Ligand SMILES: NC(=O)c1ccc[n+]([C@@H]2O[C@H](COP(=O)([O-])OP(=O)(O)OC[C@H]3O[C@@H](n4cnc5c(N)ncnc54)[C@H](OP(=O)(O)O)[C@@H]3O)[C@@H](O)[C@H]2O)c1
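This document starts with one chain, in the form predicted alone, laid out as structure tokens.
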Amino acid sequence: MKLSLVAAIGRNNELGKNNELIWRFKEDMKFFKETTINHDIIMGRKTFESLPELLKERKHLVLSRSSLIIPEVIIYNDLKQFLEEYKNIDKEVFCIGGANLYSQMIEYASDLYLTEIDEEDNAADAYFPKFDKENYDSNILCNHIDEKTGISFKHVLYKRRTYGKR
């Protein structure tokens, strides 16, 4: 398995507030869809509950300590269970949040697909974990300015120089 994280973050690694994204840009939603389509996506329960519906053409995996039964969704009760099941599967899996799951998974991820937003939000209550950029090769995939807000952002791929735990 290749584990990748995908997230949109502000200048101070802000992810969200009140279980919602802080920024929602059309071009970023398109990037997220194009990056994750036809892949398995893993998320925490709150992130799953924040989705308006199941995302098309993606296999949904949810990590939750709650006793959930959701049709068409595979539930894992702990990270170890997920890692054990996927360790010999030859596919890329994307972690799509939330903050707690990113913090647990960043050490296992080889790639980080980050939308870096040139803005900050002091009311944020969820943050992407800090990571040492010196351990990654980065490639700016594209730059954007949101036509509605004028906020600039860029899509950056960080590839870990040495892979995380196995």
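The structure displayed is predicted, hence computed values, not measured ones. Don't overthink the numbering: it's just position in the shown sequence, from 1.
One more form of this protein should be noted, the form predicted together with the named molecule, which is absent from this view; the next part is about it.
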- prompt: For the chain seen here without its partner, which of 101-109, 135-143, 33-41, 53-61 has a heavy atom within 4.5 Å of the named molecule in the model of the complex?
  reply: 101-109
query: residue 5: heavy atom within 4.5 Å of the named molecule in the model of the complex?
result: no
task: Evaluate residue 86 for contact with the named molecule in the model of the complex, applying a 4.5 angstroms cut-off between non-hydrogen atoms, and reply yes or no.
output: no
field: in the model of the complex, residue 21 touching the named molecule (heavy atom, 4.5 Å)
entry: yes
message: Residue-level question: is residue 26 within 4.5 Å of the named molecule in the model of the complex, judged on heavy atoms?
response: no
- prompt: If you look in the model of the complex, which residues in 36-74 sit within 4.5 Å of the named molecule (heavy atoms)?
  reply: 44, 45, 46, 47, 63, 64, 65, 66
